[in-house]
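Next comes just one chain, in C-alpha cells: the form predicted on its own.
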Amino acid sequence: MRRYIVRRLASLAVVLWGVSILAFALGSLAPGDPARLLMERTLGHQATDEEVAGMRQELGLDRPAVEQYVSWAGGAVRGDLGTSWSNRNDQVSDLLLERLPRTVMLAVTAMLTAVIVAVPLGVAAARRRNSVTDHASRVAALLGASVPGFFVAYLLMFVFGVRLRLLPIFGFDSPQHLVLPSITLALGSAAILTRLTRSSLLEVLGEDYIRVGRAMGLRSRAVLFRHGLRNAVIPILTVIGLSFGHLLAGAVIVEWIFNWPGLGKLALDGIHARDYPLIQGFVLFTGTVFVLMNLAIDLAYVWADPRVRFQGQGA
C-alpha cells in the first residue's frame, strides 16, 4: 500500500512538472508585448521604446526564456506565483487563495446535487430496465449532456430570476445566490453520472455471481446494493472525481455569467487585462487540482476494489 502511494506520487510529480511548463508557455507564447501593454495601461497613452525597455527589465522579460522559467518555477515550488499586473500588484497566490473558498463552495454544492440526483436515478433505471423510468432517465441524461451550460444559465436566470422573481441572479450575498449557478454546473455532471451508473450497474448485474446470489435466495435489494452497486462503483468514482475537478477548475463561464467572485471570474478578468502572471498561476493551480483529484480517485479505488489493494501491496 505504501509503495503504491509513493509510486503514484512520483508519477504525479512528473505530471506537475509538465503542467508548469505548459502554464509558463501559455504566457510566453501569447501575442503582444506584455511590457508595452502594461505601460500603456498605466500611462494612458502610447509608451516610448525606452519606457518599454525599462519595464521589460523590471519585469524580468529581458532574460532568456529558460532562465525566466527556472525563476518562476522555483518561486511556484515555494508558493510564490509572482505579482499580478492588474490587481494593485497583489501576489497571485494570495488572489487565488482569496477566491478559492467561493469556487469550492460552488463546486461542492454542484457535485453533491449531481450525485444526489444522478446515482438514485441511474440505479432506478438499471433496476427497471426498458421501463418508462428507464426511458425517461435516458432522455433526461441525453438532454442534460447536450444542452450548453451558458444556455441553461440564461434560461434559469430568465425563469427563476426575471419571470418568477424567486431567486437572485447576480452576486454573492446570500445562500440563495448559490442555487442557480450550482444547478447550472450540476446538470452536465448529473447527466453523465446517470448514464454511467445505469450502464455500470447493468453490466455488474449480468455477472455470474449475481445470478448465483439470486439463486441462493438473497433479497433483490441486497443483491442490488450490497453486491451490485459496490462492484459498479469504480467507474462512478472516476467520473465523480474528474467531474469535481472540472467543476472546481473549469466553472469559468458560469461564474462570469452569474458574476460569482470565484477563480473562474478571476481568470477571465486576468485574460481581459492580459495579466500573464495571473493566467499562468491559474493554469498551474487548476492543473494541480486535476492531478490531486486523480490521486484521490486512485486511493478511492484501493478502498472500493480489493484487487487494487492487493496489487498495491505487492508492488
Partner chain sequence: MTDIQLIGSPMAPEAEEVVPALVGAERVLQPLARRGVFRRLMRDWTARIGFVLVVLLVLAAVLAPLLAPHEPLALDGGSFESPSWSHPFGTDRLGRDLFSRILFGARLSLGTAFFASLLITFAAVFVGSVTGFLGGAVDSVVMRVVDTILAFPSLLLAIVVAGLFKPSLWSLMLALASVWWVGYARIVRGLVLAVRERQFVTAARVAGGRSSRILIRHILPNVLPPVIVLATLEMGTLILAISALSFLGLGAQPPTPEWGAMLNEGKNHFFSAPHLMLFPGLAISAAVLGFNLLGDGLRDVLDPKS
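Numbering follows the first chain given and starts at 1. A quick note: this is a predicted structure, and the numbers were derived from the prediction, not measured.
Below, we turn to the form predicted together with the partner chain, even though it does not appear here.
- The partner is absent here, but in the model of the complex a heavy atom of Val283, alone among Ala47, Leu38, Leu61, Val283, sits within 4.5 Å of the partner chain.
- Not displayed here, the partner chain is kept clear of Ala300 by more than 4.5 Å at the level of heavy atoms in the model of the complex.
- Although the partner is absent here, Trp260 lies well away from the partner chain in the model of the complex, with no heavy atom inside 4.5 Å.
- The partner chain is not drawn, but in the model of the complex it has a heavy atom within 4.5 Å of Gly245.
- Residue contact with the partner chain in the model of the complex: Leu268 places a heavy atom within 4.5 Å of it.
- Contact with the partner chain in the model of the complex, judged as any non-hydrogen atom within 4.5 angstroms, is confined among 102-110, 75-83, 116-124, 153-161 to 153-161.
- Residues Leu268, Ile271, His272, Arg274, Tyr276, Ile279 are the ones in 258-281 with at least one heavy atom within 4.5 Å of the partner chain in the model of the complex, listed in sequence order.
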